[in-house]
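Read the single chain below, which is given as structure tokens and is the form predicted alone.
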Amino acid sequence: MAEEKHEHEDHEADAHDDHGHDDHGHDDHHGHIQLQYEDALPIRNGKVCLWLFLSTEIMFFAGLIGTYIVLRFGAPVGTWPTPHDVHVNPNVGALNTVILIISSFTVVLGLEFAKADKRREAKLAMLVTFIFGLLFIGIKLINEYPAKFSHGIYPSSEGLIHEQSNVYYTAAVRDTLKGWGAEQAAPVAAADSATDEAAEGAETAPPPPVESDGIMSDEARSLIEKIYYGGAKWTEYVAAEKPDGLDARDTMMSLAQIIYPLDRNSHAFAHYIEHEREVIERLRETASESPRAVELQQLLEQRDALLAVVASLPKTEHGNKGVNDYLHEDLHFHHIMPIHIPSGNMWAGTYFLLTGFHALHVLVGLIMFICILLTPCGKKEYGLIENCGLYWHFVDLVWIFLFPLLYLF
């Protein structure tokens, strides 16, 4: 027995020495560390997958927003469109921001109700969130996008937006008005044609109807003729003949301003028109000496008539209404002329790209909420509601960045 006891003590001593060696001299009172290993991260697999997905979404929107910032602040000073130039209403954008913030709060309420297994309250909170998301999309589709489409502000290969008021813009306006039948109804057409039939006093053929437009009112047709001759043709005459005192660039700017006024050009336009009236009076006195006397006299009359119409157009908070808006809103003419907006095509491309992708993500969120509303919305659905809530918070956060960039600057 004594020998067995001695061997047992020797064995404990050896174990003690080994333990001391492994711990490199640490205190002998410390016991062995017990480690427990998990098979996965201490969160649900669905939540891990969602965070991985959101990380790719963050990189996606960071690239889009970063590109917009580079284009926006890299544009020449004073050329980027103001919110008014492109019919962006900051108040509407602020309303949509408030809607999304409230929807983020209601989805959190739904999550807490589901955690407490209050199914009825959770489902009601998710329904309110769905309604707010639907309201956000509705404002986009009913108010914001149509306000731009109706003025020709959208990415298009038709060239409705011209970034410079030059000869190409003037030609585009002339061709558009000519396609509406303006050239066949005004007196200058007879002077320009110089055909045998015109010389014999043949009657002018009635103008063709505008495609996809019902009945063009007499007032609309008269205004279109004035823009054609007193605007486009007058601008081309000034560019070709270079009358003393008139500058072709200023005349082209005035044509663009008459059709679609910009705040930045309003002062220069008013100054030029005042100067042009003085030149027109001198041209009237010498019109008979011009080789194009008949045409010049009629162009001067049409120019005076157009400027009188422009001066009588309804007022807005930013000045006189443009003839494009007057034709569309007041005379119910469903076509628009080319417009001049510096950097307008770039703005339209970036605006609709950013807001379009964001609206697409909102639609995905609405589909997710529909799926949630088809469930009991209880404790068992807590993980599903949490994942949908995280996605919805990300969508709201993206809009927090888009709102000041697109609506305030």
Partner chain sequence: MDHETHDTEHHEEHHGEHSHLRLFIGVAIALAVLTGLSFSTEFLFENNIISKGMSWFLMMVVSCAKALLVIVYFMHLKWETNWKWVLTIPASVMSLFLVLMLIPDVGNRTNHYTRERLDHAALPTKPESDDHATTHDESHGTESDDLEDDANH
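Note that the structure is a prediction, hence the values are computed from the model and not measured. Residue numbers count along the first chain shown, from 1.
The next section is about a form of this same protein that is not shown, the form predicted together with its partner chain.
*Asks:* Candidate spot V128, P146 and S217, all three in 4.5 Å heavy atom range of its partner chain in the model of the complex?
*Replies:* No, none of V128, P146 and S217 comes within 4.5 Å of its partner chain in the model of the complex.
*Asks:* Which of E163, D304, E236, D325 has a heavy atom within 4.5 Å of its partner chain in the model of the complex?
*Replies:* Only one option qualifies, and that one is E163.
*Asks:* Considering non-hydrogen atoms and a 4.5 Å limit, which listed residue (I280, V309, V108, V294) is close to its partner chain in the model of the complex?
*Replies:* The residue from I280, V309, V108, V294 that makes the contact is V108.
*Asks:* Looking at heavy atoms inside 4.5 Å, which stretch does its partner chain contact in the model of the complex, given the options 285-293, 130-138, 245-253, 218-226?
*Replies:* One stretch meets the cut-off, namely 245-253.
*Asks:* Are any of the heavy atoms in P90 no more than 4.5 Å from a heavy atom of its partner chain in the model of the complex?
*Replies:* Close contact exists here: in the model of the complex, P90 approaches its partner chain to within 4.5 Å, heavy atoms only.
*Asks:* Counting only non-hydrogen atoms and a 4.5 angstroms cut-off, does P376 reach its partner chain in the model of the complex?
*Replies:* So P376 does not count as contacting its partner chain.
*Asks:* Hey, in the model of the complex, does I101 get a heavy atom within 4.5 angstroms of its partner chain?
*Replies:* So I101 counts as contacting its partner chain.
*Asks:* Taking its partner chain as it sits in the model of the complex, is L71 in contact with it (heavy atom to heavy atom, 4.5 Å or less)?
*Replies:* L71 belongs to the contact set for its partner chain.
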